[in-house]
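Here we start with a single chain on its own, the form predicted alone, put down as structure tokens.
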């Protein structure tokens, strides 16, 4: 074999593929930060700091069927999601995280060179899967308040446009796209994906319109509100024809038995979980005020479980590194549209207090 070896068989377009910068696992920082692994405050991945429902933990501990494959048709899970969403189960498909459904939709709609409208800055995994599908990204820049410019979006459409991607609340900005704007986009007639990963924090949804609009697709996840990020369980609501395609092209057992069980038990205990959502939302608003008081951070209003901040003094990367050394993990951005920005997930009150204390200490040295 030549010096290039097996790599010569790799798809040329993937040789320069950058991948995705995932959040850090606390255990990888052992001995590198000033606190123990158990004391690390993880505010970098928009996770639920309260974890899952106690009923989920009990159901998992009692479960004895892990030697049997899950139901590939997801019948019980989809019936449960039907009750939770009010959308008939024939419109619903579950997956290993909503990311997997984004991947499947790219495979379904996008061929090499086809165009996908992406409203930036937004969820980084959109670009990730466009690249994997060899699609062409058409970026439509959001306005100064991170709202989607619908007129600019319309002008960006060409005969090669196959898919429009929208996120509300948007990640990493936390902004909501008004329903009237989404309806205006839907009226264009192109397949339109509305990612509602943070729906439970807003209560605003397009789900009831899935049966009315033949081009509307809505995604949700159990990672945020239900504390199941580690189990990778999401779902989407689609026109029946698209749901049937997705059920055929998905991996047969893409949602494992524990994830299905946990999702069902979460829905059964939604009142408990929604109380935690209320607490997180209240803490978010409190944290917003404290961040604003620093004088060197500019937090942007958010309707999700995180806050985006512009760093007005110093560099975001330096602030992120100093926080990490103190055992507090946050996300930083240094892209043209998010120059020197931090995204901070909302933690428990005591975690948010320690975060603000650390930021104030950093601010004194700036």
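Everything numeric here is computed off the predicted structure, so don't read it as measured data. Residue numbers count along the first chain shown, from 1.
The form predicted in complex with a small molecule exists for this protein as well; it is not shown, and the discussion that follows is about that form.
Visitor: Of 162, 78, 284, 224, which one comes within 4.5 Å of the small molecule in the predicted complex, counting heavy atoms only?
Guide: Answer to the contact question: 224.
Visitor: Select from the listed residues 142, 232, 250, 276 the one whose heavy atoms reach within 4.5 Å of the small molecule in the predicted complex.
Guide: By the 4.5 Å criterion, the partner-contacting residue is 232.
Visitor: Taking the partner as it appears in the predicted complex, which of 287-295, 189-197, 210-218, 144-152 has residues with heavy atoms within 4.5 Å of the small molecule?
Guide: Flagged stretch: 189-197.
Visitor: If we define contact as a non-hydrogen atom of the residue within 4.5 angstroms of the partner, is residue 265 a contact of the small molecule in the predicted complex?
Guide: It does not: once the small molecule is placed as it appears in the predicted complex, residue 265 has no heavy atom within 4.5 Å of it.
Visitor: Can you check whether residue 123 is within 4.5 Å of the small molecule in the predicted complex, heavy atom basis?
Guide: Taking the distances in the predicted complex, the answer for residue 123 is yes, it comes within 4.5 Å of the small molecule.
Visitor: Is there a heavy atom of residue 103 lying 4.5 Å or less from a heavy atom of the small molecule in the predicted complex?
Guide: The answer is no: residue 103 has no heavy atom within 4.5 Å of the small molecule.
Visitor: Would residue 98 count as a contact of the small molecule in the predicted complex, using a 4.5 angstroms cut-off between non-hydrogen atoms?
Guide: Although the small molecule is absent here, residue 98 would touch it in the predicted complex, with heavy atoms inside 4.5 Å.
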